[in-house]
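Presented below, as structure tokens, is a lone chain in the form predicted on its own.
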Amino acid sequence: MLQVTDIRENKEKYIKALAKRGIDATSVLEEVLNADEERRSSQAQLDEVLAQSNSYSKEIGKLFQTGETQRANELKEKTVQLKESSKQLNEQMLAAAEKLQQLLYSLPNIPNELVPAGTDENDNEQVYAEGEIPKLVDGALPHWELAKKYDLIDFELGVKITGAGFPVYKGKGARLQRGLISYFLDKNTSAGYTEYQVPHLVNEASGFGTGQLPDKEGQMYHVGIDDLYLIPTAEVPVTNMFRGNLLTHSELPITCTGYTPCFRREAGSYGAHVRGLNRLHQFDKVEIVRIEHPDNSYAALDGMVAHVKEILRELKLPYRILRLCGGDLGFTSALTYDFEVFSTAQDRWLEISSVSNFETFQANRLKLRFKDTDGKNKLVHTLNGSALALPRVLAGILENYQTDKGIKIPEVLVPYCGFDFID
């Protein structure tokens, strides 16, 4: 959530920055400032009325003690009027505060200056690429056909149990999935991240805290009877562990990792590009989350990018890194780097990680602050990234490591899987 005090002082900066997202925010920012002015005015009047009422109450007590009953009763009448005024002013103040809150919830984060201008994914900027695209044998298959051929994943069984987008992993497919999760967690913990196991359902406050609500409410599974949401990423419960905290300077940075299944409705997704593991309603992902001092957050972002690079280098998958343009940038992000692996059998790039800095956007919603060395309470910066999302990594391994005799397993995964070949 953007900070209204900063908007008040730098409105033109916000208009220019949000234009990079393709948003003309002039009118909504005016509404924000008007609602804030109304809230502050009502609050000031309310404070004045309450102060006057308190003053009268003290005076009434003294008047009764000295026998000045008539004057005391006159002041009592005035306190009744002040009470009614305070009730009306409080209602006005709360209404203005609610309007302000909803307006701020509707505004996305402002892009960092490094974010390129653009309208959609076609305008994203490639900043790095590594690895050779393998030359596959004649008749190479996409991963969904390999999964069926080698009995690794049963998509139809998932449809029977739940519906499309809920695959069942079997045999070596399940062991490879488990091996990837363990490998990712080991890489993250060896890099200094503390591992957490967190709930897979969250309350509404957690959804608002990290910005999934109200922006992506239609993409989240909602358990109405209990008013809980299935998590779309471990980012939500992990970051919300610190909601409302006031940290000390020495506690930063906080670095967390966790594995969870993720649940996304993906409404409106259809076509050949969502076949197999390309787009699922339930999938596994290992996440890394950092809570940083604002002065260090972009160095931390670079470190997260380097960390994901190392994982893909060990898996020996060809990949590239994109800096997302304003039009493709997530609602809460100030700067995002997407990692994509090349699917040789599909002849297309598949996103397998997003690494983002949210600056103070999430922290303001979370009321997550730290006491700096100057004694002032300040908002932290929050960051997160996938390290990694499993489905498309698995798809990339199956397709890029296939041979005419079967599928090789990346060397680094063999100790985790207990086998080096699928045939």
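Take the two forms, superpose them, and find the largest set of C-alpha atoms that agree within 1.5 Å; that set is the rigid core. So that there is no doubt, residue numbering starts at 1 and follows the sequence shown. Remember, predicted model here, so these are calculated numbers, not experimental data.
Below: the form predicted in complex with the RNA, not depicted.
**Q** Using a 4.5 angstroms cut-off on non-hydrogen atoms, would Ser85 count as touching the RNA in the predicted complex?
**A** Ser85: no, not in contact with the RNA in the predicted complex.
**Q** Looking at the partner-bound form in the predicted complex, is Ile60 within 4.5 Å of the RNA by any heavy atom?
**A** Yes - in the predicted complex, heavy atoms of Ile60 and the RNA come within 4.5 Å of each other.
**Q** Is Thr66 near the RNA? Define near as a heavy atom within 4.5 Å, in the predicted complex.
**A** Residue-level check for Thr66: no, no contact with the RNA.
**Q** Can you tell me if Ala299 lies within 4.5 angstroms of the RNA in the predicted complex, counting non-hydrogen atoms only?
**A** It does not: once the RNA is placed as it appears in the predicted complex, Ala299 has no heavy atom within 4.5 Å of it.
**Q** Please pick, from Thr79, Asn112, Ser106, Thr162, the one residue with any non-hydrogen atom lying within 4.5 angstroms of the RNA in the predicted complex.
**A** Contact check passes for Thr79.
**Q** Can you pick out, from His249, Arg243, Lys170, Arg313, the residue that has a heavy atom within 4.5 Å of the RNA in the predicted complex?
**A** It is His249.
**Q** Using a 4.5 Å heavy atom cut-off, which stretch among 46-54, 350-358, 26-34, 385-393 contacts the RNA in the predicted complex?
**A** Contact-bearing stretch, as computed: 46-54.
**Q** Which residues within 30-45 place at least one heavy atom within 4.5 Å of the RNA in the predicted complex?
**A** Residues within 4.5 Å: Arg39, Arg40, Gln43.
**Q** Gln43: CA shift of at least 2 Å between the shown form and the other one after core fit?
**A** Shift of 2 Å or more: no.
**Q** After core superposition, I'd like to know whether Tyr56 moves between the shown form and the other one (criterion: C-alpha shift of 2 angstroms or more).
**A** The answer is yes, as the C-alpha of Tyr56 shifts between the shown form and the other one by 2 Å or more after core alignment.
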